[in-house]
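What follows is one chain in structure tokens, specifically the form predicted alone.
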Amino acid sequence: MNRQTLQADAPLSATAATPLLSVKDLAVRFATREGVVEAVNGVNFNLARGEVLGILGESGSGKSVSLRAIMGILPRGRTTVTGSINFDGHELLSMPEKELDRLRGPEIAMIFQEPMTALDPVFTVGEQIAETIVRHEGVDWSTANARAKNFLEMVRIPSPERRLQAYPHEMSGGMRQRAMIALALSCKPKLLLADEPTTALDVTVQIQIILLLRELQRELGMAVIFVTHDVGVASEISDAVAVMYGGRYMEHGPAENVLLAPNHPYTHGLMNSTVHGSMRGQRLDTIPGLPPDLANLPKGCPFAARCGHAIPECEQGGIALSAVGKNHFSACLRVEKEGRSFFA
């Protein structure tokens, strides 16, 4: 197989010639009493307009931190963010806070994992959505309230006029999540960041939210980054998938290629440890061991200690993403050496 090492500026999707978002060599470090936590380590990707990127991985792999770095909401003082985050021609990492604040809402919006803590408990849902519209678009409150009602209808909240007057604690978990989506979409952003928005919901509501997000994404033409640890969710909503571990991308490519023909042992392990209906009575094939300590990352592949295919070279140095197909990249030394996937 002819393989090519992925360079920092190489496009990671077929439509990324003029990407809406281009992230290069993104690294995030947190200073703690135990040492420096290397949460994100040299992440590169491009996101086209209207594309949905699913970031898949275990807890602590750096998924949510990546979104917060793009949004510019990581705690200051003890956080160091390096690299480049270019959104629609704007370099976000060097942008003054006031200018960045103007982009949040009308250009970039975020859905948080737990709406009960993201929504303000002392204001009604309608007030919070209308305030966002008034602040960013300068319309009067009457117009903003009418638009807030329209967005509650868009996310299929029943009795939207009554729900405008409801406080977050007066709504169910599924309704709060829908209200959070309405708030995020209220200024029709170009980029939506979704941080595990369905994790706390039951399966039925989870499916409804995923289908709703996909429908709204297509209707509004938004680009979306959807963070999840659920393979099934990633397969339902994503055009492209990035598999993250130890703050790095282990594999990246079209969703169908990554999820149906994985080229990294970690991706393969995630697929094998996913429960589905046909597995009744079968033993679950789990990934052994624990994720690495981000304050003491190994020199080589961060997955080597848990990988049944590891060879001594895997622990010697950093392993770059390399092409394994069209727009499909993997950071596996064994796959690179053997020139083929042996995980199918």
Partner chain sequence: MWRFIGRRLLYAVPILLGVSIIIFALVQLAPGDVTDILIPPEAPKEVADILRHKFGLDRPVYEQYFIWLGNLLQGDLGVSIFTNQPVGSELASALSNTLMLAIPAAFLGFTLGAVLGVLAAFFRGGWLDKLFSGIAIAGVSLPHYWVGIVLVAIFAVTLNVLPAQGMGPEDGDVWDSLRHLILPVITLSLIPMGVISRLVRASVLEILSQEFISALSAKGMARRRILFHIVKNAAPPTLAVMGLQFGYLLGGSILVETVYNWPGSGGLMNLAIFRRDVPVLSSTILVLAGIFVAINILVDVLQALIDPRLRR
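Positions refer to the first chain, counted from 1. Here the structure is a predicted model, which is why all the values come from computation and not from measurement.
Omitted here: the form predicted in complex with its partner chain. The next part is about that form.
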- Task: Heavy atom within 4.5 Å of its partner chain in the model of the complex: which of 258, 152, 108, 225 fits that? Just give me the one.
- Result: 108
- Task: Taking 4.5 Å between heavy atoms as the contact cutoff, choose which of 90, 135, 218, 162 touches its partner chain in the model of the complex.
- Result: 135
- Item | Any non-hydrogen atom of residue 131 within 4.5 angstroms of its partner chain in the model of the complex | yes
- Task: Verify the contact flag for residue 183: yes if a non-hydrogen atom of it lies within 4.5 Å of a non-hydrogen atom of its partner chain in the model of the complex, no if not.
- Result: yes
- Give a yes/no on whether residue 121 approaches its partner chain to within 4.5 Å in the model of the complex, heavy atoms considered. yes
- May I ask you to state whether residue 73 is within 4.5 Å of its partner chain in the model of the complex, using heavy atom distances? yes
- Item | Partner-proximal stretch of 79-87, 242-250, 144-152, 98-106 relative to its partner chain in the model of the complex, 4.5 angstroms, heavy atom | 98-106
